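The data below hold one chain only, encoded as structure tokens and taken in the form predicted on its own.
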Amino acid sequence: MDLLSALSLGELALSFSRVPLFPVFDLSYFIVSIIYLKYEPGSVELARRHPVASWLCAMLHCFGSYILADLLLGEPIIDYFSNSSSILLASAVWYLIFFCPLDLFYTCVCFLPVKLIFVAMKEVVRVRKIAVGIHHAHHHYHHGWFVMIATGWVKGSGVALLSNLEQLLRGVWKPETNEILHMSFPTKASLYGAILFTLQQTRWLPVSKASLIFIFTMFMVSCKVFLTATHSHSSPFDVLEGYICPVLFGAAWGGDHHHDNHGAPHGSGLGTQHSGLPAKAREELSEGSRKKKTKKAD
């Protein structure tokens, strides 16, 4: 039996799933996405010197998930840009956040109580995009579970997965910040949500789509609002992963990574990293390092 139906919340879930996203929820999505763009170092200077590049970065933040999903499904990646209303709305938000006199608009939307409302509304859009993406993929690949999961995942976190491309548009190259290597909470949650919605779409999860949208949206809103209010970058999944990953993969989740980067003395990093190399190779590497330091000193 459907849990929400048993609690007499089935009608609420159905009504919630039918709430239109444009323009109010989409506006909130654009505001939060472009605020995060402005947080990036050098983004304000980029907007002043290269406004076209800044605008393209803003469009990737707002529509990157649609572009990546279309790319996966073999559809025109520029197709979503035919939606002129959304493009104009996102462009207006970009202009106000970067060029409004005295930064009035940016100051207002970053006021914490207001920002929390926008963050909550953005998560409503995220969950709806995951559900729509999986439904779309199911239409093309009826038995393609992995295609459905991948499409729903990029629909929910495509902006983060395209972060390196967005950095290139800003003239920055940081491959070590790849989202696959360092998944944030929205990326992980979008992946888990895509799995749940795929199970529901293929009728392996006995719950209606409206109910699943309602439950998962409440989870995402609660977690993201809490993390934003507390300025935390942790993930609610960290505790569970800390127990499961050592069992499945035989190592502490992220423990070695942090130990290698922050636990060792500054002088021991080279020896630890290359301790497995032959002695001659280590000597050559040390010699090369000394030459580089000498050149820098000169």
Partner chain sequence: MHYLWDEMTLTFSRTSMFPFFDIAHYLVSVMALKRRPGAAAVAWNNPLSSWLSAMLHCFGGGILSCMLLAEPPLKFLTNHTNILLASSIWYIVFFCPRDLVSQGYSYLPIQLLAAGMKEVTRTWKIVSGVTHANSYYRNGWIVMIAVGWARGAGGVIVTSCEELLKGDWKPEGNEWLKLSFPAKVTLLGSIIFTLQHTNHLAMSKHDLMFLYTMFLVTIKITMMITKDTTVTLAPFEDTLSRMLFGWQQQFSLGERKREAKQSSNGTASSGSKRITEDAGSGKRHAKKED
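Everything quoted here is computed from the prediction, not taken from an experiment. Numbering follows the first chain given and starts at 1.
One more form of this protein, predicted together with the partner chain, exists but is not displayed; see below.
Asker: Of V127, A194, A137, A160, which one comes within 4.5 Å of the partner chain in the model of the complex, counting heavy atoms only?
Answerer: Only one listed residue qualifies here, and that residue is A160.
Asker: Considering L112, L205, L168, A92, which brings a non-hydrogen atom within 4.5 Å of the partner chain in the model of the complex?
Answerer: Contact with the partner chain in the model of the complex is made by L168 alone.
Asker: In the model of the complex, do I77, K122 and W173 all reach within 4.5 Å of the partner chain through at least one heavy atom apiece?
Answerer: Yes, because I77, K122 and W173 each have a heavy atom that approaches the partner chain to within 4.5 Å in the model of the complex.
Asker: Answer with yes or no whether I87 is in contact with the partner chain in the model of the complex, where contact means some heavy atom within 4.5 Å.
Answerer: Because a heavy atom of I87 falls inside 4.5 Å of the partner chain in the model of the complex, the answer is yes.
Asker: Even though the partner isn't displayed, in the model of the complex is L248 close enough to the partner chain, meaning a heavy atom within 4.5 Å?
Answerer: Flag for L248 set to no.
Asker: Quick one: is L27 in contact with the partner chain in the model of the complex, heavy atoms, 4.5 Å cut-off?
Answerer: Output for L27 is no: heavy atoms all beyond 4.5 Å of the partner chain.
Asker: Is S222 part of the interface with the partner chain in the model of the complex - any heavy atom within 4.5 Å?
Answerer: Close contact is absent here: in the model of the complex, S222 is far from the partner chain, nothing within 4.5 Å, heavy atoms only.
Asker: Can you say which of 208-216, 139-147, 97-105, 195-203 gets within 4.5 Å of the partner chain in the model of the complex, counting heavy atoms only?
Answerer: In short, 97-105.
Asker: Need the contact residues for 30-50: heavy atom within 4.5 Å of the partner chain in the model of the complex, sequence order, or none if there are none.
Answerer: Contacts from 30-50: Y36, Y39, E40, P41, L46, R48, H50.
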